[in-house]
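Presented as structure tokens, the chain that follows is alone, the form predicted alone.
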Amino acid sequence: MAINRLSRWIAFSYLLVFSLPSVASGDLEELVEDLEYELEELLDQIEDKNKRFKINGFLSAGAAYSDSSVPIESTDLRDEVNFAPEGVLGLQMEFKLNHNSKVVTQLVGRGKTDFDIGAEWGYFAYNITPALTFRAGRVRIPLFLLSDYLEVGYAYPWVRPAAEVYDLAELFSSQDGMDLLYNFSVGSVDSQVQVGAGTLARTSPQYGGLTFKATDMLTAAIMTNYKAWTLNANFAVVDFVADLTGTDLGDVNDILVANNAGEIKFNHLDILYYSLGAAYDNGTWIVQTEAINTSYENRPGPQIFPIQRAHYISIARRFNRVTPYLLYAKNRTVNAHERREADAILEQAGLSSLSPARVILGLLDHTQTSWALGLNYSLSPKAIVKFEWKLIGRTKGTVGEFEDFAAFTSILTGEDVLDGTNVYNLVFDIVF
């Protein structure tokens, strides 16, 4: 930040007073001119440093409640008022090394993980030309329309992006690698193309805590802006590598191989992902939609990993400081018969329906439909409070977006009904 006028006079007066005893009165005018020059030099240096270093941040805080005893996967929210799932704190720091290079870091802590700080971004950027930028380090994977500000609640109208589409961000949010950004314009249409490659290592709760590494990850994205419109397309190919030895998936694989029914090629499992998104914001109306497709390839044998398709559509209307919105989202798996085929093989091998190997197959299908109705109120230019009611309409007998094992137990015992679950949120979103 720049030194204000009062600070300038204080510094100038300090230098002047302590320099007076050592000069004759005839030299006073010359001394004053020298001190003014030195002070201006000092202030210019401070201002230059301030321009080179920039820090900003975002915060989300609030409370939430679900009327289901089965936790929701992305937030661990269940039938009690909980403050932790809504808590997010992020700091982004940017230091310019010179006119065409910089270092950017984003640190994020989440309430659901006791605010353990993690680096979502941490990269070096170099402008090869004014239109072409090279980045290396930890960069955001361009999978969604909102990839660059996934957790900045202030940047979108809802409490959080639709879990039916964005649950993939739990695993694929950032990668360690390199990418190229190319910006160009055709008339009044501005576009950016991004291509990258990298790796990431994660632990997947969905597959029983399986630790994996994604190698040879290739990504491509294009975003186009024209007046109030934004269009986005993303594509990614991932090569999964994991050791199945001693895991429930490993047991499934052993039985499939023993029965000449193929194998689970988790070393290497290819994943193909693509998405399309569009947004319209004319300052009054906000309309946004995205659709994704995720497919796995582990043949020969039954395709036990599901092809997942999901989409959402949202509409919001600004009335001065108040913005009501409606959000509809749906995801589904389209090849459940493949897992039933594998399950039949496990059953013929003598495994009960509650054996870990067969339960794992039952957890792979995620189908869910939800509606969210909310209201935003602008407290200030940098602070918003949001109220939201979400209804999880149907899960069609699958675990949906609930915590896998708890949901599966609930389905088997009938103790809880996942369909018709209500979720209530009160959240403050702030940027600074």
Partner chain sequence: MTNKTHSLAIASLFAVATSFSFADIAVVVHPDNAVTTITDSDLSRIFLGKTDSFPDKSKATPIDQKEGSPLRDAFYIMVTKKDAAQLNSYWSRLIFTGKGTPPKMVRNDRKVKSLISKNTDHIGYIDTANVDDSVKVIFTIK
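For clarity, every value in this text was computed on a predicted model and none was experimentally measured. Positions refer to the first chain, counted from 1.
Unshown form predicted in complex with its partner chain; subsequent notes refer to it.
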| item | value |
| --- | --- |
| Per-stretch contact check against its partner chain in the predicted bound form, the hit in 330-338, 248-256, 274-282, 169-177 (non-hydrogen atom, 4.5 angstroms) | 274-282 |
| Contact assignment for its partner chain in the predicted bound form, among Lys102, Arg138, Arg309, Lys112, heavy atom within 4.5 Å | Lys102 |
| Listed residue that, although its partner chain is not shown, lies within 4.5 Å of it in the predicted bound form (heavy atoms), from Tyr37, Trp371, Tyr65, Phe53 | Tyr37 |
| Any non-hydrogen atom of Phe240 within 4.5 angstroms of its partner chain in the predicted bound form | no |
| Heavy atom of Arg358 within 4.5 Å of its partner chain in the predicted bound form | no |
| Residue contact check: Val431 to its partner chain in the predicted bound form, 4.5 Å heavy atom | yes |
| Interface membership of Pro130, its partner chain in the predicted bound form, 4.5 Å heavy atom rule | yes |
| Interface residues of 165-199 toward its partner chain, as seen in the predicted bound form [heavy atoms, 4.5 Å] | Leu181, Ser185, Gly187, Ser188, Asp190, Gln192, Gln194 |
